[in-house]
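The chain below stands alone and is given in C-alpha cells; this is the form predicted on its own.
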Amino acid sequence: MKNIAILCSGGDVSGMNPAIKHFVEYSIKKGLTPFFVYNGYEGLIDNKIMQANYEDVAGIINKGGTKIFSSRSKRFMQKEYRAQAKANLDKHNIDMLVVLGGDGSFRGMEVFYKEHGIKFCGIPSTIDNDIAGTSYCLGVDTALNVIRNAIDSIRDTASSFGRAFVIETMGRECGYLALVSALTSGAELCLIPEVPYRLQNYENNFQKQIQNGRRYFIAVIAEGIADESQKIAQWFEEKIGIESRISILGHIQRGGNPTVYDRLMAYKFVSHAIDALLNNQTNSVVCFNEDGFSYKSIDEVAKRKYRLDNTLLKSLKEMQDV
C-alpha cells in the first residue's frame, strides 16, 4: 500500500476539517494509507507525522479551523530543514502530499519537489480568495457568511441610532471579501485596494439621500486600505453630517461552522487532489473556475497576480456612479 499525507499551511479556514475528513476516507477507499502532518511545514521538520484512521476524523466536519493545526514556517525556507523534512517522510515511506494553503505554501512545495521528488497537489485554501488561476478558494463561502451575519447585526444598531458604520473586512491587498459582502448586504459604500476612490465624489449624493429620508449608512472597506478607516468615519461626520462608528471584524471571519458549499468544495477538491497524485500529476494545484476543476502549474498559480473578476468590478463601478 502507498502512503499519502495531508498538511495545512498558513492561515486556517473553515473547510479544512471537512477536507481532512474526506482525505482520510477517500485515501482508504483508493487503497492508500493516510497520514496527518501536524502543524504544517513545521511538523514536517519536527516529524509530527502520524497515521490516520476513521476515528481521527469522526465529528470534525462541522468544526472550523483545522484538527491537524497550521503554521507559517521560516525554517522550511532553508535547505537543511527541507532535507530534514524529507528524511522524516522517508521514515514513514510517504512520497505524496496534499497541501491546504496559499500561493506561498505552494511555492515552498515546488522547491521541495524539485529538491527531493516528493509529489504534491495543492488545494487553494484562503479566505482572501486571492490565488491566481482559481475563482474559488476553500473557506471563502464560510467567511462571506460570517461577514453577512455581522453586517446584518450591525445594521440593526445603525438603523436604531441613525449612524454610519465603517465595517472593515479581511483580505490583505485583495478586495474580494469586501466587494462581495457590500454587494450582497446592500451597502451604500464599498472601498477596495484595486480601485481608486475619492470620497468627495459621494458627498452631494449622500447628503441628498439624508434629505430624502435615509437615516443610516453601511460602508464596507477592505483591510488593504485599513489606514483610511478613521478618515472615512470622520468624513461621514464632518461632510455628510451623520454620527459614525468603526467596526473591524478581524479573525471571526476565519472561523465558524463550515457552510454546506465549503463542505462540498472540500469534498471535491480533495477527490481531485488524490486522483491527480494517483495519475502522476506530480506538482500541481487543483483550481476551480466556470468550466469546472482543472490542474495548474505552480507558475500559473503562484507567480501570477490575482485579479478580481470583471463582472464584480463592473458592479462596483455601478455602486460608485453616484
Ligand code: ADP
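We number the residues from 1 along the sequence you see. Because the structure is a prediction, the values reported are computed rather than measured.
Although not depicted, the form predicted together with the ligand is the subject of the following passage.
Stretch 105 to 113 is the answer when you ask which of 105 to 113, 210 to 218, 137 to 145, 245 to 253 has residues with heavy atoms within 4.5 Å of the ligand in the model of the complex. Put simply, Ala87 is far from the ligand in the model of the complex: not one heavy atom of it is within 4.5 Å. The ligand is not drawn, but in the model of the complex it has no heavy atom within 4.5 Å of Ser14.
Although the partner is absent from this view, Arg82 contacts the ligand in the model of the complex, with a non-hydrogen atom inside 4.5 angstroms. The closest non-hydrogen atom of Tyr41 lies within 4.5 Å of the ligand in the model of the complex. Of the residues Arg72, Lys119, Arg155, His92, just one reaches the ligand in the model of the complex with a heavy atom at 4.5 Å or closer; this is Arg72. Within 4.5 Å of the ligand in the model of the complex, a heavy atom is found for not a single one of Gly175, Tyr197 and Gly224.
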